[in-house]
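Given as C-alpha cells, the chain that follows is alone and in the form predicted alone.
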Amino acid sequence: MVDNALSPHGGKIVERVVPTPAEKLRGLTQVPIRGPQARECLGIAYGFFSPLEGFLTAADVDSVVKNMTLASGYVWSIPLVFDLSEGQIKEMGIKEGGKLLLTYQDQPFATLDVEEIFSYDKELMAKNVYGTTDPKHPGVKRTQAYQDKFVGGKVTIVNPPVINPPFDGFWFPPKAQRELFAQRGWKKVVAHQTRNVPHAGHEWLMKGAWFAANADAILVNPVIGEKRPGDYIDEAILLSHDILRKAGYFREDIHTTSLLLWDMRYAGPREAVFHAIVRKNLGCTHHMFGRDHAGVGTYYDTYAAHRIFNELPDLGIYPVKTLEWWYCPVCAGIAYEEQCAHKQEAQRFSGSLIRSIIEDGVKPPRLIFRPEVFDLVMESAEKYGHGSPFVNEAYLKRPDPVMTIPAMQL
C-alpha cells in the first residue's frame, strides 16, 4: 500500500484524545503504567504512530516481526506492545472484551480496550527486530524484560497531560505540526532525527540535506525519552538545536524544532524506517539519514539504514542518504566525504572528542561548536542538569520533567 507523499501513513491521522469526566471512568480496572508506556500511549493517541490505534494484537505483532508490515499490509518496523504478567492478569481479572484504566503519576491517564491477550516468542522478536539476541543490546534487553503476556487493543487518552516548560514550546502533535507547515507555506520539509546537541558536523548535515532535497525547510525533531547515564540531557538537546535558528545560522523561514516522545530502541535500519514513518505523519516529505543512524555499538554496519529503503515499497517520504561531514585542515573548513579528497587528513567529529570538549568547559573553535550552542549547553547544565549537560543520577531521579497528568478524583 502506498500513500501520496503528503498524506499520513495509512491515509489519515489517528486521533484518540477524548477528555472524559471522572464518573465515566469509575469502576474500571486500574493498571499503573511506566514512563515508556505513557509515552507510547501519547504517540498512539495523538497520531504520531498512525495508523496504529492501540497496542498491537498478535497478528500485527507476528507480521511486524516477520515481514516488517502490519497485518493490513502497511509497512511498520517495530512492534509496540503492552506487557503484563500472567499473575497480574489473573489477580486483576483482566479479560478480553474488557476495558482498563491506565494510570500514570497516580492519576487516570488513558483507557485500553482489551481486544486480545496473547503470548509471543520474545527471542524471535529480538532476533528479527534487532538482528541479534545479545542481551547487551539495549533493545534486546528491553524485549527480554517484557512480562510473559501482551494485551492488544485500542488506546484513548482520557486525561490529557500538561506539557511542562521548556518542552511545551516544542510540543507539536501531527495535526499541529502540519498546520504550522501550511501556515508557513512549506510544502517540502526534510526531517532531522537526533539525540545529540549539534556540533558543526550536524549543522552541515542538515544544510546538505536541505540542498539535496531542494526543501523549503528543515524540521529538527529530537527524540525525548528514557535516558541512560552519560546521555545528553533533553533540555540541552532541544534548546541548543533551537538556538541555531535564533542565532541566525538558519533563517527563521527555513527551520523549526519540535520534539518526539519516544524511547530509542537502537534498532538501526528498522528504527530508521520507524523514524521515516513518524516524520511522514508530521508532514515531512524527506528524511535525512547519515552514518550509523539509530545504531549502537557494532551491531549494524555504517550505512545499514541507507540500504533498507531499497528493500521497501515507496513510503511516501523520500530518504536523503548522506555520508560524513568532517573538518578538513587542507580545505580549511567543514567538508563532505563525497567532495573532499583529503580523507587521510580529515578530523572527524567523534562523540568522545565532543564530549571531552564539553566536559572541559572551555569554549571551542567555531569550526567545532557555534559559540551560542556551547553557551546554551552550559546554561542548560546549570539550570536543568545539576551542573552537567550529561545525564547523572540526580537527573534520573526527577519526576517526569516533560509532562504532568492533571489531578482527577475518581
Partner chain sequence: MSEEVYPINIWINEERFEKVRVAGLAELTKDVLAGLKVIQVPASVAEKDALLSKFPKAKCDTATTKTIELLPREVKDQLLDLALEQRNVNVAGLFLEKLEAKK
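Residue numbers count along the first chain shown, from 1. These figures come from a predicted structure and were not determined experimentally.
Although not depicted, the form predicted together with its partner chain is the subject of the following passage.
Worksheet entry | Listed range touching its partner chain, judged in the model of the complex by heavy atoms within 4.5 Å, from 357-365, 60-68, 30-38, 43-51 | Within 4.5 Å of the partner lies stretch 357-365.
Discussion item. If the cut-off is 4.5 angstroms on heavy atoms, which of these, W210, F170, Y327, Y299, is the one near its partner chain in the model of the complex?
Written reply: After the contact test, the surviving option is Y327.
Worksheet entry | Interface membership of H342, its partner chain in the model of the complex, 4.5 Å heavy atom rule | Looking in the model of the complex, residue contacts with its partner chain do not include H342, since no heavy atom lies within 4.5 Å.
Item to complete: Answer with yes or no whether Y384 is in contact with its partner chain in the model of the complex, where contact means some heavy atom within 4.5 Å.
Response: Looking in the model of the complex, residue contacts with its partner chain do not include Y384, since no heavy atom lies within 4.5 Å.
Worksheet item: Is any part of 308-325 within 4.5 angstroms of its partner chain in the model of the complex by a non-hydrogen atom, and which residues would that be?
Response: The stretch 308-325, when checked against its partner chain in the model of the complex, contributes no residue at the 4.5 Å heavy-atom cut-off.
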